[in-house]
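Alright, two takes on the same chain below, each alone as C-alpha cells: structure 1 and structure 2.
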Structure 1
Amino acid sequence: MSEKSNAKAYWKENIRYVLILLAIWFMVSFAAGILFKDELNTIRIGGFKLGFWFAQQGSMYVFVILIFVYVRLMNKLDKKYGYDA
C-alpha cells in the first residue's frame, strides 16, 4: 500500500469510529434522556428515575467512557497503519 492510500484508509476508518461514537453519545444523551424519558422513568437508580439520571448524569459518564474507547480504538488503528511511534 502506498503512503497516500495508507493515510486515506487511516482517516476513513478514523472518521467511521468518530461517527459511530458520536451516534452512541447522541442516543444516550438525547434519545435516552429526552425521547425515551417516560419509559425509562419506570426504573429507578438510587431513588432517582432513570430518565432523569440519563439526562443529568448518564450522558456525561457515557461521554467520558467514549473518550477512553476512542483512545483505545485509535491506538489499535495507529498500530494497524504503522503510525505508532
Structure 2
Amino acid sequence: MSEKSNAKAYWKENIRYVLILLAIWFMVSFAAGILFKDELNTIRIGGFKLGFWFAQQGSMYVFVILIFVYVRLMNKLDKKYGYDA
C-alpha cells in the first residue's frame, strides 16, 4: 500500500471509531440524562431514579470509560498502520 492510501485507510478507521464512541457519548448524556429522563425515572435502583442517576452519575463514568477505550483502540490502530514509532 502506498503511503497516501495507507494514511487514508487509517483515517477512515479512526473516524469510524470516533463516530461510534460519540454515539454512546450522546446516548448516556443527552438521551438518558435529559431527553428520556422522565421515562427512565420510573425505574429505580436503590434510592436513585434512573434518569436522575444517569444525569448526575452514570454519564460521567461512561465518559471516562469511552476515553480509555479510544486510547486502546487507537494504540492498536497506530500499530496496525505502522504509525506507532
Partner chain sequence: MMHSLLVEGFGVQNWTYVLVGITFTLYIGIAIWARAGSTKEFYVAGGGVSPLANGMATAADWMSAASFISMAGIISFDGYDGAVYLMGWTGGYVLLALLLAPYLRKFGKFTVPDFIGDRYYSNTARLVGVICALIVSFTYVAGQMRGVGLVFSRFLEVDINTGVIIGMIIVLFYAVLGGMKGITYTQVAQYCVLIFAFMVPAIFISIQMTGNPIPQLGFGSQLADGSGTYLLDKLDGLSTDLGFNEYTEGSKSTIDIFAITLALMVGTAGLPHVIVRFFTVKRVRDARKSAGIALLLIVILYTTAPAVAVFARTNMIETVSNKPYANVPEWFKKWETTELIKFTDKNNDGLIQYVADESKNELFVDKDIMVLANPEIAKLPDWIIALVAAGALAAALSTAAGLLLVISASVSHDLIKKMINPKISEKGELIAARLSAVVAVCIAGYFGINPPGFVAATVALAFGLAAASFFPAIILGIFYKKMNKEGAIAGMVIGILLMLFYMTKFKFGWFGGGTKADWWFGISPEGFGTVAMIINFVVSIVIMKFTPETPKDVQEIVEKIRIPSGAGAATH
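Here the structure is a predicted model, which means the values were calculated and not measured. Between two forms, the rigid core is the largest collection of C-alphas that superpose within 1.5 Å. The first residue in the sequence of structure 1 is number 1, and each one after it adds one.
Note: the form predicted on its own is the first of the two, structure 1. Core-superposed comparison between the two structures: CA of I45 displaced by 2 Å or more. With the core held fixed, the Cα of M27 is displaced between the two structures by less than 2 Å. If you overlay the core, the Cα of F36 moves by 2.9 Å between the two structures.
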